[in-house]
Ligand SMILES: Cc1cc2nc3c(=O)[nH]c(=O)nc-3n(C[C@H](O)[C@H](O)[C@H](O)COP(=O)(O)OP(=O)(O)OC[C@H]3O[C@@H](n4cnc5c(N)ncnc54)[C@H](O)[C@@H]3O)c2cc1C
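Single chain ahead, by itself, as structure tokens, in the form predicted on its own.
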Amino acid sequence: MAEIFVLAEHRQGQLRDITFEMLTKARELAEKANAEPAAVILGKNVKDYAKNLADYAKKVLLVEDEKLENFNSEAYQKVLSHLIKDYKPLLTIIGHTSYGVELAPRLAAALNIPLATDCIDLAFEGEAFTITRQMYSGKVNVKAALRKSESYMVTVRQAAFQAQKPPTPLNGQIVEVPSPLTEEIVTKRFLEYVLPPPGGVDITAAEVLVGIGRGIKDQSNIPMVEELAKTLGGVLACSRPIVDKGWLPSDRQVGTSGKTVKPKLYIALGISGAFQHVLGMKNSDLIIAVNKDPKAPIFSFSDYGVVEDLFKVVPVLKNKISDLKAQKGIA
């Protein structure tokens, strides 16, 4: 049976969330394309990852090699080229991450496979795969069919899909594939992971985000909201106008021209809900919006909405949370 490959991404001892997001979409596509989802995991000492992935895919292709201990686009390209030539998958899905952006174009070029990048949706319609991408800074969604080919390749944006476990574990077969790397990879070498500088924040990794928009009115009001975020154990994020004003750095921006996030809780304060922002946070587990305008678009995407001035809500909410934490002895 034909297969849909998903390249599992892992960093510093953990499988990344985007891996399970891609596997969820792969299962959906496989049902319509009469195919099977297959995970591909490359690395050193990653058999435990393969066992985890087997719950989400019908097959797991495992390639272990010391040369694959850290991501190297040259090494990955050679191994994946070997696998794709041997297994001939209908589709290969790779995350549109710092890894995928470097790997996918060279891999597709080496195999002469059509490549669509930065997709926010995938579908199988009739006998063709279709993709959806954003253009003009997210103002337009473009849906297109991939040109006819025996195999396709796409990169997908993080948090574009909601990761879901199969109703029952798939107990996929783990196939250990000998590494085809026989020579040293010399043109590129891994040196080190560079973590964000002190004070730097990765909003994509936060479980709680408090986002601010134009309703914050002035930069002097930001510390009040930041205190709320800290009380919740979260971090501060924002919409584009706040970055444009220079009130927060660009790494705090949520949206199509910023970052796509998927926290457990997203609180939108004074954010109207322009679709460029919504597309960056709509997959959050729980969305709470506070806005004075009852017709603000953000309420259409929220689980709970409060029609009120954020300057009245934030202090009360912060004090209430602080009181509850004190009662439970939480620092």
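Throughout, we count residues from 1 along the sequence that is shown. Here the rigid core means the biggest group of C-alpha atoms that line up within 1.5 Å when the two forms are laid on top of each other. Fair warning: this is a prediction, and the values are worked out from it, not measured in the lab.
Not pictured, yet referred to below: the form predicted in complex with the ligand.
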*Of the listed stretches (122-130, 226-234, 169-177, 256-264), which one has a non-hydrogen atom within 4.5 Å of the ligand in the model of the complex?*
256-264
*Exactly one of Glu28, Asp293, Asp55, Glu69 has a non-hydrogen atom within 4.5 Å of the ligand in the model of the complex; which residue is it?*
Asp293
*Please pick, from Arg106, His82, Lys165, Arg214, the one residue with any non-hydrogen atom lying within 4.5 angstroms of the ligand in the model of the complex.*
Arg214
*asked:* Although the partner isn't part of this model, could you tell me whether Pro114 comes within 4.5 Å of the ligand in the model of the complex, counting any heavy atom of the residue?
replied: no
_I'd like to know if Pro241 sits close to the ligand in the model of the complex, meaning any non-hydrogen atom pair within 4.5 angstroms._
yes
*Using 4.5 Å between non-hydrogen atoms, is Leu23 touching the ligand in the model of the complex?*
no
*asked:* Residue-level question: is Gly273 within 4.5 Å of the ligand in the model of the complex, judged on heavy atoms?
replied: yes
*Enumerate the residues of 1-22 that have a non-hydrogen atom within 4.5 Å of the ligand in the model of the complex, in sequence order, or give none.*
none
*Quick one: once the rigid core is lined up, does Leu115 have its C-alpha move by 2 Å or more between the shown form and the other one?*
no
*asked:* Using a rigid core superposition, assess whether Gly172 undergoes a CA shift of 2 Å or more between the shown form and the other one.
replied: no
*Any CA movement of 2 Å or more for Lys217 between the shown form and the other one, core superposed?*
yes
*Relative to what is shown, are the Cα atoms of Asp118 and Lys259 closer or farther apart in the model of the complex, where the gap shifts by 3 Å or more?*
farther
*Would one find the Cα atoms of Thr97 and Arg252 closer or farther in the model of the complex than in this form, where their distance changes by 3 Å or more?*
farther
